[in-house]
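We begin with a single chain expressed as C-alpha cells, specifically the form predicted alone.
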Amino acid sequence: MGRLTLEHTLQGHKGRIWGVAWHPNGNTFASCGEDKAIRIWTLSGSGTWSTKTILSDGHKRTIREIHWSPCGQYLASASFDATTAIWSKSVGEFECNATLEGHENEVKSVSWSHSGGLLATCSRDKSVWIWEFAGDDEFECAAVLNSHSADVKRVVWHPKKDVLASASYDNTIKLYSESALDSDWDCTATLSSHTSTVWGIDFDGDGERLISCSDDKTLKIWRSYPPGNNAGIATPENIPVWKCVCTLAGHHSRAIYDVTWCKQTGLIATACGDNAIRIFKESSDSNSDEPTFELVTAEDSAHGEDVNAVDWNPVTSGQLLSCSDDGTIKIWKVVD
C-alpha cells in the first residue's frame, strides 16, 4: 500500500480556492478562487514554489475553474460573472486576449480539447457551449447544447477524440460528438446511475473509461462498448454504448467534489467535503467488464475544510495538487 506525503503548502489567495491546474510542462501551475484572481506558480531551481504572476483584471466575480491549452500557450478561466477569459503570454506578460460571452449565469467549468482547437464551457443556465478556436485570439460558438435539465457542473474532453462529457445537478452525465452528416453537435449518450449531483468526471488515459464522483458519496466507473464489442452489448445506431461497470461506495463520508484519473499511473484521486484526499488503484486481477478498485491511502485531514479540486502532474509521476476552502494549496507525492 502507498501513502501520501505532503511536499509543499502554499498560500496567497484570499478566501476559498476553487481550482488548480498543472501546466503541460509539469513545473508550473495555475490556481483560482473567491478573490477573483488567478495565480501562476513556478518551481525555482532551489525547489521552492512561488507566485510569478497574479491575473486580477479578467473577472468581476469568483473564478471557478481554469484549464491550460494542450500547447501550454493559453489559459482559460471560467467565472461566476458568466464569462470565460482566454489568457496568453505572447509578449512577456500574460494578457486577457479574449472574453467569451453568451452564458446567462455562472460559468462553472472550462475544458480544452486534446488538439486545442475546441473549448467547452458549461453553466448554471443548464447549457454546454462548444467554441471553435479560429486563431488570432478569435473564438466562434460552434454549438449550444441544452441536454441537461439543471445546472451543469463540469465539462471534460476525451483525451484522444473530439468527444465531450458533461456532469450535472440533474444526476446525469452526457456525452456529445459532432455528426459526420451535418456537422451538428449531438448528445450521443446519457449516463444515469448516480442518485444526486454529479460534481466531477475524468477519462482514463485512452478514453475508453470514465470516472464520475457525486454528492451521493460514490464513485462510478463507466466503460465504452463500441459496435461489435466482445461482451455482446448491443450498440443501436452503431455508436458506442456506455455502461456503469463499477461503483465505489463506503469510502467517503460527504460529497465528492472532484476526481482525477492519472494518465501515467492509472491512480485515481478524489477531493471530498470531509476534508480528505483518497487515492485508489485498479486491482491487479481486475476484470475489464467488472473491474475492482482498492483504496491505496486516505489522508483524512488533508485540508482544514472542504477539498475542492485535485489534479495529477502530467509529467512528474505521482505528484498531486489540491486546493481547499481553507485558502491553501498543497502539493503531495504518492510513495510506495
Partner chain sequence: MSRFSGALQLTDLDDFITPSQECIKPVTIDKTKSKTGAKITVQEDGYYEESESGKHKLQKVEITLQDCLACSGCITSAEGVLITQQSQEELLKVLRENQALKATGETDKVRTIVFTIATQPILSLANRYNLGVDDTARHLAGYFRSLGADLVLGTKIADDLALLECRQEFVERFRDNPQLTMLSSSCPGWVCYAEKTHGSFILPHIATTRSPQQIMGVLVKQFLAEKLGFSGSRIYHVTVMPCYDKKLEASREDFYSEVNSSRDVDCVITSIEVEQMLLTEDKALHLYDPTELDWPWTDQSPENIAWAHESTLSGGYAEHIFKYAAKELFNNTLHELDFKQLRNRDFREVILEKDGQTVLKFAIANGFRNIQNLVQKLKRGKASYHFVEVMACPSGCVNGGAQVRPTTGQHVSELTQQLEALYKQLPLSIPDNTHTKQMYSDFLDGAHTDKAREMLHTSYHAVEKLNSALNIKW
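Everything numeric in this text was worked out from a predicted model, so none of it was measured. Numbering follows the first chain given and starts at 1.
Separately, the form predicted in complex with its partner chain exists; it is not shown, and the next lines address it.
In summary, among the residues Thr172, Ser111, Thr260, Ser127, the only one with a non-hydrogen atom within 4.5 Å of its partner chain in the predicted bound form is Ser127. Though its partner chain is absent from this view, in the predicted bound form it lies within 4.5 Å of a heavy atom of just one residue from Val163, Leu191, Val245, Ala143, which is Ala143. Judged by heavy atoms within 4.5 Å of its partner chain in the predicted bound form, the contact stretch among the candidates 182 to 190, 215 to 223, 85 to 93, 200 to 208 is 182 to 190. Its partner chain in the predicted bound form comes within 4.5 Å of no heavy atom belonging to Cys71. In the predicted bound form, its partner chain sits within 4.5 Å of a heavy atom of Ala134. Among heavy atoms of Glu106, some come within 4.5 Å of its partner chain in the predicted bound form.
Although the partner is absent from this view, Asp151 contacts its partner chain in the predicted bound form, with a non-hydrogen atom inside 4.5 angstroms.
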